[in-house]
Structure formats: structure tokens, C-alpha cells
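Following this are structure 1 and structure 2, which are two forms of one protein chain, each written alone as C-alpha cells.
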Structure 1
Amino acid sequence: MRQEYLNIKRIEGPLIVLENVDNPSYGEIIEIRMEDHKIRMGKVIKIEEKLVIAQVFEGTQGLSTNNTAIKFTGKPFELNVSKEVLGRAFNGVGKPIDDGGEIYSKHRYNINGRPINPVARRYPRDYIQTGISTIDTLMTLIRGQKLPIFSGNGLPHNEIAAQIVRQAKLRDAENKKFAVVFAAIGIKNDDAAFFKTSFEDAGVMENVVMFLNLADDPIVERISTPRCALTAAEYLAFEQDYDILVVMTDITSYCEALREISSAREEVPSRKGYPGYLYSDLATLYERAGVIHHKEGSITFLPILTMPNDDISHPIPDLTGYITEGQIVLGRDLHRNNLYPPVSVLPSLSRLMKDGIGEGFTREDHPDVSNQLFATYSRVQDVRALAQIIGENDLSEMDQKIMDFGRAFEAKFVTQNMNEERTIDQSIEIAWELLRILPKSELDRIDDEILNKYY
């Protein structure tokens, strides 16, 4: 039995500093017994000879330098995971918060996971039909992809995520095992409640695992919440053959927690005070999505982040975009015009769709149609800018058609109901209907053969 330490040398924000610890190991978990015998968890984040610095997950309020007993477990942060986690709710450090009791399992899993060997990865190519036209046609979600939703405060990202959870369908989806892992990081109670209700409405509740760290929960737990969730996801996907959809909101709270701890550690900040390792740190989350050779299951990752001040060049969306395989960007102007879902098409992108659509996957005309929609809609923006100056009536005939296209695109293609589910076929058909507004010669992104067949 290892000894307990009764003195804390220093307490700084979420961190504690201990002195003269025997053989501490980097990253190990410590247990802090409080006066009321409640146990808090901490993790060693730096060792400096005589000093050990640890972060306390549940926060340091109530701690004094001499009212605790601290035990070093010698183990990294590990989580019990079994199939029983389905339908359950946990807090940010993986403790059950419903009344279902503890989870028992043969193995305990290190929540940090390990990097997937690139040669073990299978390249994702099966598309997931979300039933949302913009996403399916223009930024197709692929099984095993990490595709974040870049949103802003007050935009309906939660509704869109819930709609995707409700409607997501895999190609040849029959008798596949499907489950959702939901991680809430520092979100409002109402938002968490909204997700709960929508999972219930969708009838998937018994296939949902929830890890909840709400806005008033301890900051340090925000660091462990996504890791616990992804550990559960990895177990279900790669050991139990489930297709997992991980919905995680809000990455911005996660990054802010990271910044808070970093500044408590007096680290050299880089952009906007975020630590220099923000990119690597986010990558250790996002890169856990994927499909592996010889394994049935998959992790598809749908993180949601709210861009501070709607600024896409803010470090959080910026670094995220560099790691994830595309992004779905929501636009405030569309939202103001009462459009749902307000998907801002031009900056959105799915990097994996090129290999998951087209002949043999969706439809042979899908790649060209998608390209043409992007190109034409980008032209709409230029023509609109012009129309604002010279007035719409003075536009050339072609430009007026482009304007018509723009309006129809937003009204018929982008807009759809919160519970309206369109198949990819239907979405592409609507796209053709819109493209026919323009003469054939303007559709320069579409192959002649396809143009003749579908126009």
C-alpha cells in the first residue's frame, strides 16, 4: 500500500503542487480524500524533481493545504467500459450519474487512447445519408469521417445535429448495429435537455451513451469528458462492431478549459492566449475517428463548435478545420432570413466525399452536379454584389437568371423542414430542377454526356 500525503504545498486555480512524493509517474491519477471523505480525482501533469503538479478534476474549492489525504494510484486515467454503457449517462470523469449503478468490465481503458497506425486505417468510403439536401449533395458525410459543425451562438446547430442523429442512414444499413455517443462539454442545461428529448423522440435512447459536463460543472472535467466519450466509442466500434456516431458539443468550451489550465501552469501562450499545443491536443480527439481494416465498426465524429464572434479564423475553428475532414458552416445571414438549416454552402466542405459519391455509390451525376452547384452559387454572390450597386433591373439577361437561380437554390434546396427527410436521389433531382433555370452552355462543370442525359 502506497503512502498518503497529507500536505499540499500550493494551490493555484485548478492545480495543486505536492512536495517530496516518492516515485510519481507522469500522467498518473491521484485520489484526494476530502474532510467529508468524498474522493476527488486528479492527474499528474508535471514532475519537477521534488515537486509534483496535478490538476484536480472536480476543482479545488474547499481544499486547504492540510485538510486532505492524497493517494497516488500509479495508474493512468482508466475507464470501465462494457456493452452496459449503452443507454447510460455519465459525468465528465466517467462516473454514472443516472441510477443504473457502476459499470463493471474485464478491461479498463486508458482514456487517452493511442494513435491509430495509418497503415491499419481503412479509407472511409461509405456515405451516410443524413436526409438534409445541402449536406448529402454538397458535403456528403462518410462513415468514419470527422466533420464538425462550425456554428455561432444562437444558431440552430443543436437542431441540425439532432436531425442528423434522427435521420442518419447507412447504405446497406440492414441489421447493422448503430449507436450514438453524446458528449456535452460545458453546455447549458437546456441544451443537454434538448438532446435528451430528441434522442428519446428518435427512439434511440437505449443506444445512446451520454457523457455530460454542463456549464456549471468543474472546468477540469471538460478535459476528460471528450476522452471518456471517445474511449467508450472506440470500445463499441472496434470491439463490439457498432457503427458509432459521436456528437460532441461544444469544442469551444473544451478549448477554453484547456486555456484556463494552461495559464494556471504559466505556459507561454500562442494565439489569443491558447496554448501552443492546441493543435496537437485537438488532434488527439479528432483523429480517434475512423475505420480500421478487418473491423466491422466505425467512429463517425460530428463535433460542434461555436465560433467566437462568428469568426472562422479564430484559433478554435481554424485549427479544427486543419485537422477534420471538412466542415459544415452555418451562416448567420441565412438564419436571419429565417432559413433552416442555415448551411452556408460555400465555405463548407467534405474532404472524403470525392471517393464516396458518384457511380457505384450515390449517382453518376452527383460529383458534377455538386461541383456545378458550388460554382454557380459562388457566381450568385458576385452578381448579388453587383445588383446591390446597379440595381437588379440593369443586370444582363444571364445575370438575372443567375439571380433567379440563387433565390430558388436557397428556397427549394437549402431550406427544408426540421423533420423532412430527403433521399440523396430526391436532393439531386431538386438540384437538376434548379440547374435547368440556366442554359446548358453555362453549366461548364458538367460532363457533356451527363448533361445530355439529365438536363
Structure 2
Amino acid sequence: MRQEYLNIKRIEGPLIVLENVDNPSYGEIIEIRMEDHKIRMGKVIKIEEKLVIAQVFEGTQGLSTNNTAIKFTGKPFELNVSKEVLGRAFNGVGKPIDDGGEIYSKHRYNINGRPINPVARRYPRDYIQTGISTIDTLMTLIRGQKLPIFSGNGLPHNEIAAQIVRQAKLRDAENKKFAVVFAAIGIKNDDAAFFKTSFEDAGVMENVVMFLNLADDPIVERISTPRCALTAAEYLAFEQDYDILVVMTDITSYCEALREISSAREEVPSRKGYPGYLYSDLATLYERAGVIHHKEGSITFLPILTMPNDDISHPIPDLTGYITEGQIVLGRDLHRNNLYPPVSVLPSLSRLMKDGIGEGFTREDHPDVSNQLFATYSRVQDVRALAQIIGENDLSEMDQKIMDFGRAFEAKFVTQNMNEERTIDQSIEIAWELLRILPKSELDRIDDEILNKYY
């Protein structure tokens, strides 16, 4: 029989400190019974000689150092999962918040996941259509990929996340099982209401699993929210053969919570006060995505993070870039000009798109069109810089056509309505319409055969 401990040595923020505990385990879940007999859950996060430090998921407000019973369960944090999680909404620690009742299942999984053996990984191929032209054409999301969105405070990343959840589709969707796991970390109540309403109005809620951690929830819950979401994704993908898209916002809130907990544990800080293990901690999340040999399902990960002060060299986007396979960058200058979605094309890329597009996947002309759009839009920036010096009227005839292309590209290709869904075919046709502004001789990134066929 497991012992109960009736005294807490001290309480420090979201942490409690116990002493003289027999055989505690790192990551073990504890049950905390308060004076009013309410139960809170906690997790052992540090064992130091005779001291045990645990974080309390519901916060330590109202806890007393006396008359509080602590029971060690001998188990890690586990989540009940079944197909019934589809269409449901949960809080940051996996408890239902939609009045739909508890999830009862014989399947309970450790939220820290089951590491994928690198040898068992299959190379990601095929694409997921988001319905957004810039993403689908220029930085295509590949099934099984980790592709973060780098945003900033005040930019419409929540709107883009909701649009992707509503519109995401697989090729041959009628023959495959596809679902979305959506996790929101540290969001405001009105943002949570926006996401719920958006998915319900679009009629996609039955195919979405939601995990919502609100800004006024205890800080400790934010550490568990992404892990609960990824555990549900792993079950659906690798046990139920679903292709799962995980959309997660905002990873920066998760890292801030990690920093706060690390500070409470009195750990030595690293860059900008974040713990030295931030890289490996983020890797334990990102590397849970992928495709496995002999498994029909897959996990594609689209994390969203806000860059403090729009600094792409900040530790969070910097370390994320090392682990993931590209990035989609949102531009504040585009947002100021009322362009939606404000996807900044030139610093964005998808490192895996070359193996998931083209003939047999999207269209034979897709790779060449993508390369030409990148090259020409890059040239637009050079011509705009020149025009600021000498004036647009003094530009050469070709440079003026390049300027026309740049304006049309941002107005017709980059810009689209928040509820507008474009197929990849439609996006590529718009691209050809723009490329026809320029003479054939300027389109040097497109194969002659394809140029003659589509120009």
C-alpha cells in the first residue's frame, strides 16, 4: 500500500516541496487532497537527496502546508484516448470542457510520447492542401513534415491557423481518413471563443480535436497542453490510421511557461533567461511528427510561434529553425498594407516540398512556376529599391513591367479572403496569369517545354 504524506515542507509559486519521501520517481503523478477534500494533480519534476519538488497542475492557490494529503500514484501522466476524442474540446491537461462527459477507454498513453526509431521513419512525400495560395504553391506543406509559422504580436496568425484548420485537405481525400488536432496555449478567452465558433460555423468541428489552455489557467498546465495534443495525434495516426495535421499556437507561450518553471526550480538560466535544455525540450515535441514504415497514418506538425520584437534570431525561432524543415514567415510590412494573409515569401521555405510536388502529386509545372515566382519577386525588391533612388518614371521598360508584376503578385496571389479556399490548380493558374505580364524571355526558371505549353 502506498503511503500518504500529510505535510508540505514549503510552497513556492506553482511548486510544492516534500521531504523524506520513499522511492519517488521522476515524472510520477501525485494526488493532492485538500482540506475540503478536493483533489488536485501534480507531477514530480525534481528529486534532490531527501527533497522532492512537484508542480501542481491546478496551481497552489488555497493549498496549506498542513492538513494536505499527498499520495504518490507510481504512474506517469497518462491520457485516456479513443476515437471518441474527435469533435471534442479539452483543457490543457486533457479534461473535457465541452459538457460531453469523460473519455472512457482501455487505452491510456503516457503524454511524453513514444519516441520514433529513426530507422522506422519513412521519408515524407505527398502534400496537404491548405487552400492558401502562397503556402500551397511556394512553401508546400508535405504530409509528415514539421513546418512552423513565424509570426509576431498583433499579426493575424490566429486567423491563419483557423483558416488552415477549416480548409486543410489531402489529395484523394475521399479515400483517406484525415483529422486535425488543434492546441492553443495561453490564449485569451475571446480567442478561444473565436476558434470554437470558427470551426463550428464551418462544419469541421466533428473532425477536430481541441486542447485549449487559457491565459488565466495555471502556468503549469501550459507544459502539458502540447504533449496531450500530440498524444491524441499519435493514437489517431498510428493506431487508427488517420493522417493528422497538428496545428499549435503559440509555442512562445509554452517556452515562457518553461522559463518560469525553470526559474522557480532555481535552475541556471541560458540565453535570455530560458533554460539550457530548451532545444532538447522543443525537440521532444517537434520530433513526434512524421511517417512510419508499415503505418498508414501520419502526423504533420504546424506550430505557430510569435517572435518577441519580431526578432528571428531570438532563441525560440532560432532553435525551432534547427529542428524543423523550413518556416513560413509573416511580414509586418505586408500587414500594415492590409494584405491578408501577410506571408513574407522570400524568407519562407519548405525544405521537403521538392519531393512532394510535381507530376504525380500536384502538377508537372508546379516546381518551375514556384522557382520562377521566387526569382521574379526577388527581382521586384531590387527594382523597388532602385525606384526609391531614381523614381519609378525613370526606370527602364522592363523594370516597370517587373514593378507591375510585383503589385499584381501581392494584390492577386498573396492576398485572398479569410474564407476563400483555393485549390492548388487555381493557385498555379493565377501564377501563370501573373507571369504573362512578363515576356517569355524573362522567364528563365521554367523549362521551355512547360513554358510553351502553359504560357
Partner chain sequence: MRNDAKVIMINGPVVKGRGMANFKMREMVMVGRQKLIGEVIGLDGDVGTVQVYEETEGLMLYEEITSTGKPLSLKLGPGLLKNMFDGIERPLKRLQELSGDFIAEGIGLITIDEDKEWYVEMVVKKGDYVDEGYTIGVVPETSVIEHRIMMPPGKNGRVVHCVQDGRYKLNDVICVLETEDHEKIEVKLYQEWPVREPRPILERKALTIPLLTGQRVLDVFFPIAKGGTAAIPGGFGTGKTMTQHQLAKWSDADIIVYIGCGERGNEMTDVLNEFPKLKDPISGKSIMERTVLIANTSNMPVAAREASIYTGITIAEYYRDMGYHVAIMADSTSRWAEALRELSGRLEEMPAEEGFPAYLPSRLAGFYERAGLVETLCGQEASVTIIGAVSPAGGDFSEPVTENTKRYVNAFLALDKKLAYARHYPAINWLDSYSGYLKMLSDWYSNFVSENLMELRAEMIKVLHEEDKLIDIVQLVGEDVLPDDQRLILEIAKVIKVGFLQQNAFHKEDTYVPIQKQHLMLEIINYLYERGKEAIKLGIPISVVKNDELYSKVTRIKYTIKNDNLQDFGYLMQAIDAFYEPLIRKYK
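All residue numbers here follow the sequence of structure 1, with the first residue given the number 1. Take the two forms, find the largest set of C-alpha atoms that superpose within 1.5 Å, and that set is the rigid core. Predicted model only: the values in this text are computed from it and were never measured.
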Please let me know, 1 or 2, which structure is the form predicted together with the partner chain? 1
Using the core for the fit, does the CA position of R384 change by 2 Å or more between structure 1 and structure 2? yes
Would R259 count as moving between structure 1 and structure 2, using a Cα shift of 2 angstroms or more after superposing the core as the test? no
Rigid core superposition, R288 Cα moves 2 angstroms or more between structure 1 and structure 2: no
Taking the rigid core as the frame, how far in Å does the Cα of N417 move between structure 1 and structure 2? 2.6
Cα shift between structure 1 and structure 2 at L434, which is computed once both forms share a superposed rigid core (Å): 4.0
